[in-house]
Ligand code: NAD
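Let's start with one chain on its own, the form predicted on its own, as structure tokens.
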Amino acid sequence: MLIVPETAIADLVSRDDAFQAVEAVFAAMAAGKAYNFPVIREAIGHADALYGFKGGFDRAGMALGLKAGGYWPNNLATQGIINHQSTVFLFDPDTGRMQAMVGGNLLTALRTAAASSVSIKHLARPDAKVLGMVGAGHQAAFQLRAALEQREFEKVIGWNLHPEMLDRIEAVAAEAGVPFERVELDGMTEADVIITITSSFDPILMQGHVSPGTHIACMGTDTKGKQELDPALVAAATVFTDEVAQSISIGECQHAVGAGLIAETAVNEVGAVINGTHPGRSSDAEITIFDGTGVGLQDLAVAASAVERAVQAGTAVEVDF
């Protein structure tokens, strides 16, 4: 068995590596060559933590396994480590033997940012110039760096419930040489692309906050009850997702579907756009939404890339198991 520790990931997997892995696995899912297993996500009754498992099998990439981990909300304050903690386990699809154990914290951040970035590539207007960020937590910096690589953005605007946290994304914008402006939510009407990345259980971005032609990557809703968007906004848009089953059960579409505003059949796989079996955006005035719920296959794809690169670099640790 190979071990690729968390400390090695930054030197092994780039944003482009993550993008390529996630784009490929979304395409495989839409083509019926990869599927996710049901998600387990539970409050453990200790440390206010949520813990769970996401897994699947990618026949195209021959990746089988799972990610175990979750969210410990007190970690940063009490331990000085990030609140999200996870590890990816890969198995040999032919024999079931353990292949690799891979640190999953940075990989999770990279694959989540890659997912929204893939959606921007395939669904945002080609002439998009203003990028809006709703949320400024740990993941927001990863989202912004990845998004800025997909269009020639001329400006970044940002809103956060706690405005002082916007310093994080302002620094990323400055690093990229792009002007940054703090706005109220109604200022998001200036944006051509909006990324929402919060832990909200109430709608933040309302229909009146979004202009025609905007693409929204909704990346924070991954648990039953979480919500970032006004259901009326979802109903007014053309909706794409990583996996339909997750979108309507634990993703943003759980609310619009539950309220009867859209049907399950109205939710499309972004992989179909990648494959060319769905046309994607149909006009410059159309609002598109990517409901990024985070699927296990994303984790397996980027972890497999990490293992491959670790073997090439000679940095993977081999142990008998």
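We number the residues from 1 along the sequence you see. As the structure is a computational prediction, the values presented were derived from the model and not from experiment.
Same protein, other form: the form predicted together with the named molecule, not shown, and the subject of what follows.
Residue-level contacts in the predicted complex: of Ile120, Ala114, Ala140, Ile194, one residue has a heavy atom within 4.5 Å of the named molecule, and it is Ala140. With the partner removed from view, the residue among Asn75, Ser199, Thr238, Thr87 that has a non-hydrogen atom within 4.5 Å of the named molecule in the predicted complex turns out to be Ser199.
Only one of 147-155, 174-182, 94-102, 216-224 lies within 4.5 Å of the named molecule in the predicted complex by heavy atoms, and it is 216-224. The named molecule is not shown here, and in the predicted complex it never comes within 4.5 Å of any heavy atom of Ala232. In the predicted complex, the named molecule lies farther than 4.5 Å from every heavy atom of Gly56. Although the partner is absent here, Met206 sits far enough away that none of its heavy atoms falls within 4.5 Å of the named molecule in the predicted complex. Met165 belongs to the set of residues with a heavy atom inside 4.5 Å of the named molecule in the predicted complex. In the predicted complex, Asn160, Leu161, His162 are the residues of 149-163 with at least one heavy atom within 4.5 Å of the named molecule, listed from first to last.
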